[in-house]
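What follows is one chain in structure tokens, specifically the form predicted alone.
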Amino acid sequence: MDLETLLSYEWGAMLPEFIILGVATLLSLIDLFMGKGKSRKPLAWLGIAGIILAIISLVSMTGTGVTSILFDTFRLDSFAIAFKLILLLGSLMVLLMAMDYEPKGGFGNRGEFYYLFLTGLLGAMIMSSSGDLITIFVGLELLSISSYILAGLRKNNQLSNESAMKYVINGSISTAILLFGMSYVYGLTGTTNLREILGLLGHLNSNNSIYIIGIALFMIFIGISFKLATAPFHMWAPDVYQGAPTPVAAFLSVVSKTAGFIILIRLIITIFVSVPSGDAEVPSFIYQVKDYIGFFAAVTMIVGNTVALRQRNVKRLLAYSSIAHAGYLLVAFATLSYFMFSAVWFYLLAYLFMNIGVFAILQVISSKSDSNDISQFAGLYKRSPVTAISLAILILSLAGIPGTAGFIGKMNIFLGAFMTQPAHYVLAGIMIATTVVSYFYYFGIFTQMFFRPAADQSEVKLPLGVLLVVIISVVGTIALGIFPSIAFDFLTTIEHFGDFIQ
């Protein structure tokens, strides 16, 4: 590639990524030359400023049309803008709560946390804009390797070490399986570009080729399922959430999960939607296998919600809750309704607000005792009524109670199950039943907050960063619950999701 070609690219399309990369590099250099005894909190404010700049630059790009650079390996389209916004907002909130994270035994090198966190975010953003199997894989590894290190950042904590080890092992296995599936796709088409693959796979006419593409889909779906923590590939999640520092667990539950659904859409929808099924009555191969995705969705909802009933450790409870929510989202993929993209996007946005808010309050409640037992919430209403009511609103949203963002998110997916022919009555029924089951463990926290006496009567004070996160979370949860059109109107301003395969 000569200099003239290099300069001809519209590098402005990568401005948000360049900002995050520049800030991460700057933070690593400052951390290197700072004295050992100096506070690293100012680094967090630099990171927050960088993310806000990236959000502003991203929003300014809305409505500019599709921009493709570097031989179509990087694309800025409506899909990328919409999902990057969720990634950046989630990262901003996690960084705010991380500033005040002071666990017993220390947090390790806080400077490392900030720039590794930003590199993980950068990997997720690259995945959002990927137009090629190689850039998807590079983005995935950048996110994964940063997350492995972040999970084990409390070097003197045994649970944190165990968490990092399990995450590395399971993550490596899933990456190998995913790569194996990608290699079949490359072997059949001879290209790694997603749009070229889309065109070539549409002309498959041999049963042997369709059989091989079926194996590829199976391997890719399993590899991504590990990342999403959907059953039966979820076993790592409770242990990793429990051992990882609380801000890292929040990052994994929201930002990392969003990234997982991004590659699920980029790979499954882009690659396999054009593959013929070999059956004249079924329009596409992906329609032929969607019942299997529905089976995974049902198992994930049942396992996540029923096992959560037995959890007393709130981090493990939130891990199983996260598994259950992944199951709800898979329902949208199983039904392939007309507004699947917008339903998934809205649900992930709502999940961002309600889940990070709960993690932020949990971080403060558990910091004194270094315990995440549910009894730590006992008497919270008497100790700090505003905090208890805020937590109650967020939990009601996770449970899907009307008037909250969580209700609208579930309702969109639920209605989507009836919009296709044939309608998915069984899947919708399982979704309702498991949602009712989730009330028991969510309302267990309610019982502790409002009806159990507190062992410690001292007031719970939220530090500035956590307070900001809780305010944003509660306002976002109520606003999207009462006026969901705010989010959907934003989607209309960035055209439509269909341009990511144009």
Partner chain sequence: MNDSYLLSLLVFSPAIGIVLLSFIPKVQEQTLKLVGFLSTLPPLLLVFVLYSYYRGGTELSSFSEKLNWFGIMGAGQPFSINYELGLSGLSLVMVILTAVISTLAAIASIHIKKEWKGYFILFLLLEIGMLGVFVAENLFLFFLFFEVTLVAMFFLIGKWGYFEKEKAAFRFLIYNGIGSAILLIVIMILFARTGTTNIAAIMSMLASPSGTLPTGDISSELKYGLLIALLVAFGIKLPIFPLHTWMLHVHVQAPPSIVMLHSGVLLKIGAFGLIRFGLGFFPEEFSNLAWLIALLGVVNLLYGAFLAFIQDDFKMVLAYSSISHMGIVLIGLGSLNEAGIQGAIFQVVSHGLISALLFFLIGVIYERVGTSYIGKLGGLAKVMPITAGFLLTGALASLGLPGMSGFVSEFMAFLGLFKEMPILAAIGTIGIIMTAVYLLRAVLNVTYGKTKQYENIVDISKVEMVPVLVLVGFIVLIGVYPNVLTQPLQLVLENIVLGIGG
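Please read all numbers here as calculations on a predicted model, not as lab measurements. Residue numbers count along the first chain shown, from 1.
Another form, the form predicted together with the partner chain, is not on view; read the next lines as being about it.
Taking non-hydrogen atoms only, residue 452 approaches the partner chain to within 4.5 angstroms in the model of the complex.
Put simply, residue 211 is far from the partner chain in the model of the complex: not one heavy atom of it is within 4.5 Å. By the criterion of a heavy atom within 4.5 Å, residue 401 is counted among the residues contacting the partner chain in the model of the complex.
A residue is said to contact a partner when one of its heavy atoms sits within 4.5 Å of a partner heavy atom; residue 488 meets this definition for the partner chain in the model of the complex. Heavy atoms within 4.5 Å of the partner chain in the model of the complex map, among the stretches 56 to 64, 437 to 445, 38 to 46, 459 to 467, onto 437 to 445 alone. Every residue of the trio 407, 411 and 418 has some heavy atom no more than 4.5 Å from the partner chain in the model of the complex. Scanning 283, 232, 199, 429 against the partner chain in the model of the complex with a 4.5 Å heavy atom cut-off leaves one residue, 429. This chain lacks the partner; the member of 71, 338, 295, 186 within 4.5 angstroms of the partner chain in the model of the complex by a non-hydrogen atom is 338. Contacts between stretch 350 to 378 and the partner chain, counted in the model of the complex as any heavy atom lying within 4.5 Å, involve no residue at all.
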